[in-house]
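Presented as structure tokens, the chain that follows is alone, the form predicted on its own.
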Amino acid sequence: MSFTILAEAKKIAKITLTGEIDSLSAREFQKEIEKMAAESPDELVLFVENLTFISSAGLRVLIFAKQKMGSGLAIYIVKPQESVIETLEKTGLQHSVNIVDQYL
């Protein structure tokens, strides 16, 4: 399955993720997070409507984002599929992010 990242950064970093985040694509995801961390965003918005799977490596990137961008960083996960929500819930990570249907 393919994996695509479309990213833009400023005070609100936005990334669109599609496909699957496995151990290989998580590295690419982490590189984007590292680039965006240089701009010290206040919010990280992940548009994941077409993301079908997130592995533990992908979850580690979310934790890395919090560590790299600061504990005050708000992470929004926009329109996740049920499988992604289940993964977040199984790990307890849903308490550290904001799961929303849309981001304004």
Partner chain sequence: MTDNRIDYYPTHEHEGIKFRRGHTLPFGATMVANGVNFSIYSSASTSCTLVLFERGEAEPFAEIPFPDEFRIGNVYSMIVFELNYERLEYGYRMDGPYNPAAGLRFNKSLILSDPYAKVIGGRDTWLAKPNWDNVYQYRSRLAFEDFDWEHDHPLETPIEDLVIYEMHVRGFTKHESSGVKNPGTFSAIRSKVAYLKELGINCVELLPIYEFDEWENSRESPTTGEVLVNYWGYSTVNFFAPKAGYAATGKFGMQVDEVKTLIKELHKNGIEVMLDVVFNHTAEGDHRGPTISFRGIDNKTYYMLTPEGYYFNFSGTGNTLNCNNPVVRNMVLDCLRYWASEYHIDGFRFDLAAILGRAQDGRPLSNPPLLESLAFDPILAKCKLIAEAWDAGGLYQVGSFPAYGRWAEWNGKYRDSVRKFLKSDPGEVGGMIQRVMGSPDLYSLRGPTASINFITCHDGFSLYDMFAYNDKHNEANGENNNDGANDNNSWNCGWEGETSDPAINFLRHKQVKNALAILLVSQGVPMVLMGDEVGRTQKGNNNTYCQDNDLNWFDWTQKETNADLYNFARCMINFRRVHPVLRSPTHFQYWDYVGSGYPDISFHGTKAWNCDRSSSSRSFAFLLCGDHAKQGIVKDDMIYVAMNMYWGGLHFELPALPPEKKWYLFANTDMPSPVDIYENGQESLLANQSDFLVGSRSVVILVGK
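Residue numbers count along the first chain shown, from 1. Since the model is a prediction, treat every value here as computed from it, not as a measurement.
Below, we turn to the form predicted together with the partner chain, even though it does not appear here.
The closest heavy atom approach of F53 to the partner chain in the predicted bound form falls within 4.5 Å. Within this chain, A38 is remote from the site of the partner chain in the predicted bound form, having no heavy atom within 4.5 Å.
Using a 4.5 angstroms threshold between heavy atoms, V78 stays clear of the partner chain in the predicted bound form. Heavy atoms of I33 never reach within 4.5 Å of the partner chain in the predicted bound form, leaving it off the interface. Of all the residues from 66-85, the single one having a non-hydrogen atom no more than 4.5 Å from the partner chain in the predicted bound form is E82.
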